[in-house]
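Following this are structure 1 and structure 2, which are two forms of one protein chain, each written alone as structure tokens.
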Structure 1
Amino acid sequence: MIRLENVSKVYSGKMGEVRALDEVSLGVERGEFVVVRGASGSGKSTLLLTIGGLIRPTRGSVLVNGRELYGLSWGEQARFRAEKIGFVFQMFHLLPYLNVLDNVLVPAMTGMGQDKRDRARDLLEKLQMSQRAQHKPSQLSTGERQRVAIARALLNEPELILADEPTGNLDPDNAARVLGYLSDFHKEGGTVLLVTHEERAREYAQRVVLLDAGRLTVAQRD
């Protein structure tokens, strides 16, 4: 599902070069649940966004579902992300002026039909958010906002979910609930790559990859 070969991302600034990723090679098979753990600043988010086609690497190859992402045009990349990948972020990135239902429908804005609305409502029911469908994000708890973000990520029935510190702002109960939803997606055949600094995520993973200063240090399989 995911193949990275010698991927590096180097940022240049007044203080010199910063290597966010340093010759990273990684494979994730279809249907795996893989957690990338590391301290803040280790390169986890850069790795995830590179895999998602949102940060172009300085060098190396990024294949997702057999496609070389950075060989695609901007429009092709956008369509590929919309069709194949769901994103879940720590800060939710919900649109404050839209209600919950419309936030879930954002990925379908260019092709929204009744089927998408029905799926959005079904997802909100599954995530126990139906009663909040007409609320704005400001009226939700942090745990509820993350559940809306998960519903949004699932709307287009992606094959892969990329999750960036999805439990970072949550209390233990809500964190366990969010990890459980990601685990459910995995059990239904989906592929999950989750980056985090937290230990608890390893309970849900088939494999844990450790990243330190942009370098892959060790991979563990339970």
Structure 2
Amino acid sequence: MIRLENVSKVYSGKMGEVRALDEVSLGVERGEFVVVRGASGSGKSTLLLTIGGLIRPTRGSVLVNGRELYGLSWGEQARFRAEKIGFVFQMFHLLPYLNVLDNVLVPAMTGMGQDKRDRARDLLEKLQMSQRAQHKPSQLSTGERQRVAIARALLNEPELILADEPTGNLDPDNAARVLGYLSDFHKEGGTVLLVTHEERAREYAQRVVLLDAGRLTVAQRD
């Protein structure tokens, strides 16, 4: 489904250059659950955002179903992100001025049809957030905020979820729930790439890959 070939990403700025990804090659098959580990600064977020069509690599290619992702037009890339990918972040990134239901509906690029609203409500129900549909993010606990972000990620029925330390700000109970929801998505046929330090995540993952200073050092398959 996704294939990275010799991908390097160099950030250049006033402070010099940072090689965040260094010749990374990685294939992710449809229906796989892959955990990405590595120290802070090892390039994990850069890897996820590169796969998600948000960071163009300096060198190398990112192939999605055999097509060069960064060779697509701007519109096609946006469509790919909206239709195929669900993003979940450590800091949730909810819009503070929208209520829970409207946050879940943010990715409804094709319009707010009744079907999208029904799906948003179904997702909130599944994630046990129905009672909070009219609340603003600031009125929610961190665990609840992440459940809203997961509902948002699932709205467009993505093929791939890219989750970047989604449990990093959560207590153990809520962290376990979030891992459970990702596992449910995977059991229903979804593909998951999860950056996490949670040991429990290994139970769900078929594969753990390790980044070390931008290099993929371990690609083990259990």
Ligand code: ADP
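If you're wondering where the values come from, they're calculated on a predicted model, not measured in any experiment. Take the two forms, find the largest set of C-alpha atoms that superpose within 1.5 Å, and that set is the rigid core. By convention here, residues take numbers in order along the sequence of structure 1, the first being 1.
Problem set entry | Displayed copy of the chain that is the form predicted on its own | Note: form predicted on its own is structure 1; the other is not.
Exercise. Taking the rigid core as the frame, does residue 200 move its C-alpha by 2 Å or more between structures 1 and 2?
Worked result: Superposed on the core, residue 200 moves its C-alpha 2 Å or more between structures 1 and 2.
For this session: May I ask for the C-alpha shift of residue 14 between structures 1 and 2, in Å, based on superposition of the rigid core?
Result: It moves 3.7 Å at the C-alpha.
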